[in-house]
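In the structure tokens that follow, the same protein chain appears in two forms, which are kept apart as structure 1 and structure 2.
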Structure 1
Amino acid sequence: MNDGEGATAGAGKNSGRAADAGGAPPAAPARRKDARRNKEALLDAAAAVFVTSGVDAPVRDIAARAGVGLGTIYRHFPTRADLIIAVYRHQVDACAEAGPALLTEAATPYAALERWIGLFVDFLVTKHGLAAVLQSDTAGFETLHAYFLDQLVPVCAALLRAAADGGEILPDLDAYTLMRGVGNLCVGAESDPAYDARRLVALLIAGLRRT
């Protein structure tokens, strides 16, 4: 190799290092962000289809709503159980994340509690077919209920504590007991269109207020 070639090679190496140091950022993080966003969009589409058609809805309906091919869904979720579990974990996460946000946005902690319980009711009454699949022996379903409680009970407890500290509701209310009561009021909403679970839950939450 002559001096010119060495200089050229050295310049090439230096320019490559300069590009790494000060050029465009690596594409991998952007690709990961896009992949995560696309997966979340797919889960939102699946959740919407489950609301109208239940968890046994054809996968092609989910693919059509998400605007992707069947292969994309099966690549992320090889079985229907994988998809169902992912959808409900995604929605549990969204409900959990809503609690602190509502405490920041709402006029009072009690208003935040009311709105969060509304989201919780929406979650419960739109889960067509979930109760049935939870009876299956699929391993992932065994931990789904525990995940639900682990994520949501602390959020409800924080909302109750904030409202109690503000003097808006009775103190020492147990979050799990309240959520179980709300859940019991929602039983039957799926099979009886005339049953207004949301109205009954609203009466329950109104009863928590100090008089």
Structure 2
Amino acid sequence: MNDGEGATAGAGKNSGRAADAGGAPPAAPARRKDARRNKEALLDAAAAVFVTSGVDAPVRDIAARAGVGLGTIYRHFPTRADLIIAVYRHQVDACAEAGPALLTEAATPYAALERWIGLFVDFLVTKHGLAAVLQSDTAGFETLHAYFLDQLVPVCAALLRAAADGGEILPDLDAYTLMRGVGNLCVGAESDPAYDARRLVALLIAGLRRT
């Protein structure tokens, strides 16, 4: 995943920095080996701890599992949201990429929407507490919120538009509201067997259908 920090993953490790050809303005940081190793260890530890204790496990637990100090975790991931994003980034990206694919595969845009929402729900309900923390307006989680939204809302919007253009659904629901709603419906789904979030999401999508 992103070892190159931030936007530009470029310039890798090997040293050809003499000429800086191609000019990446934010000069590659050339990070130390131990820093990279620790970041990797933290990602692994966080993923493991998230599974067992949920995404809001104590920071100290993650640091301990990774065998690093607290300073180190905060240096690599200034907020917990950054850590969560880093852990789940590829899954979110995969979900985003599945949207256009489904649109060409599925029988109709509505079917594509249904299946795509299904993917999103599957992702959320298997991550202890992720849905809850996604909606939390606690300071520091705007980043997480924003990342999910940036990645997924455009995809959802495209699916909605396609289905609306085909006359399959009501045209006036914005993707943002839908994504938040689906996310909200998933809160607590993993910890309460009596609560059937998938069913509700299905009903919600069914409610979209043009009658």
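Basically, rigid core = biggest C-alpha set you can superpose within 1.5 Å across the two forms. Along the sequence of structure 1, residues get numbers from 1 upward. This structure is a prediction, so every number in the text was calculated from the model and none was measured.
Student: Where's the form predicted in complex with another copy of the chain, in 1 or in 2?
Tutor: Structure 2, which is the form predicted in complex with another copy of the chain, differs in this respect from structure 1.
Student: Test your reading of the motion between structure 1 and structure 2: two rigid parts, one hinge. Which of V87, I73, L178, L103 is at it?
Tutor: Answer to the hinge question: V87.
Student: Using C-alpha superpositions, work out the turn of the smaller rigid part against the larger one between structure 1 and structure 2, rounded to whole degrees.
Tutor: Relative rotation between the rigid parts: 62 degrees.
Student: Would you mind giving the Cα movement of T52 between structure 1 and structure 2 in Å, after fitting on the rigid core?
Tutor: Between its two positions, the C-alpha of T52 lies 7.2 Å apart after core fitting.
Student: Once the rigid core is superposed, tell me how far the Cα of I62 moves between structure 1 and structure 2, in Å to one decimal.
Tutor: With the rigid core fitted, the alpha carbon of I62 is displaced 14.4 Å between structure 1 and structure 2.
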